[in-house]
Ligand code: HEM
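So this first bit is one chain, no partners, the form predicted on its own, shown in structure tokens.
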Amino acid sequence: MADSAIALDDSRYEELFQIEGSAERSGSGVVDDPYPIWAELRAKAPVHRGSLAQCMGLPGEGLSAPGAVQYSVLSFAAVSEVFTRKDDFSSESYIDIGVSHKLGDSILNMDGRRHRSLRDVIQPHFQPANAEGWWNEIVIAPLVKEFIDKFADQPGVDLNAHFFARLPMHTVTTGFGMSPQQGLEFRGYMLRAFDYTRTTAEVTEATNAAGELLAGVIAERRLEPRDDLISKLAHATLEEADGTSRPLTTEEIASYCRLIVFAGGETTWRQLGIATFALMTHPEQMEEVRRDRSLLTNAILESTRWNPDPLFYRKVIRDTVLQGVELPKGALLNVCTGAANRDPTRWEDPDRFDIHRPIQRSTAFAAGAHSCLGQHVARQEIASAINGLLDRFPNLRWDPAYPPAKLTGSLVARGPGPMHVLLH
């Protein structure tokens, strides 16, 4: 791995990993703290007619399906139902809102037999044993050391720019078999593809460029396989419904890469920052974790409950009823996991971050057939990164010379801005 991952120009990271910039490009804009509004809406009803932005009185529409009536789902019970009632709610929503045009025909937008077949090919590589074994030993642990070594002798650092933005992206790109430079180029293309301020031609150009980059790496791994996921997928077989099997196509492999390398790495970047922010703004709990690392598992799960990726989408595939609300076939559901994860009917004092809270399933990793594929690898990354910081910097604290860190973002994705700390 050497110095290739850390020697790349810093300004590119600051450009490509900027939460407020991502929010502005998302179509819904920056919303500093949506939780009080969500609490008011959830208290009135678990399901509301209208997009989440409309229900909140915001001008931005965010993602939408042309011609579809929209509903927002806010309570824990209602969100859980949407994720698990596979005969009523479909992930085809991601086709309708245009996400699949950028990510490709991936397991994100599939359901049923086809989804299971394609997910079964890759899921073994993301099981807990692989997360703690191959992923951590070959990829995560060396990267954590490499990045921390780079800034360890400095008096202070912006953890978001110099650690949190880099580790998840290089974890997935290295794991899949892309070079650090290819990883940054790929992220740049995908960000342009998802920039709702760009023209259709610009989006198409960026989408095609990302596809060409992936096709080149896949072709290389077909000829010369290595110890990475693209090599494994390039030589894997897919079981068809009729019992026959075949190799994966280049586009099928590329769709895994777009979803996991881009979307998965993006989510872990934000969640790593959120978990560290939560601990550092609750120093008594951070000190408990420092003394007893077994508490870190609870701390990570609590951080995903407290501030998850807040919004997902589903399509109503037949007329049905959800928590007493009639939903027509074809409606687009705005599934607000952020509101669901602070439902006071499930968690006492839900706005409080508390690592001693009894562990209960939240909706942070979805549920059912579409539960988060990469959750075990993501949690391993977060644990390794925080352990690395606590091991190396026993006096880690906020740097008072800079404005206080904060969590911000859009209705779709939230995370930290700059996180300036003193190390020694």
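In this text, all values refer to a predicted model and were calculated from it rather than measured experimentally. Residue indices: 1-based, along the sequence shown.
Not pictured, yet referred to below: the form predicted together with ligand HEM.
This chain lacks the partner; the member of His282, Lys145, His101, His115 within 4.5 angstroms of ligand HEM in the predicted bound form by a non-hydrogen atom is His115. In terms of contact with ligand HEM in the predicted bound form, the residue from Ile355, Ala366, Leu389, Met56 that brings a heavy atom within 4.5 Å is Ala366. Contact with ligand HEM in the predicted bound form holds for none of Val157, Arg397 and Pro418, as no heavy atom of theirs lies within 4.5 Å.
This chain is displayed without ligand HEM, yet in the predicted bound form the stretch 372 to 380 from 41 to 49, 65 to 73, 372 to 380, 389 to 397 comes within 4.5 Å of it by heavy atoms. Residue contact with ligand HEM in the predicted bound form: Arg314 places a heavy atom within 4.5 Å of it. The closest non-hydrogen atom of Lys150 lies beyond 4.5 Å of ligand HEM in the predicted bound form. Interface membership of Phe126, defined by any non-hydrogen atom within 4.5 Å of ligand HEM in the predicted bound form, is confirmed. Contact check for Pro350: every heavy atom lies farther than 4.5 Å from ligand HEM in the predicted bound form.
Annotation for 159 to 176: the only interface residue with ligand HEM in the predicted bound form is Val172 [heavy atom within 4.5 Å].
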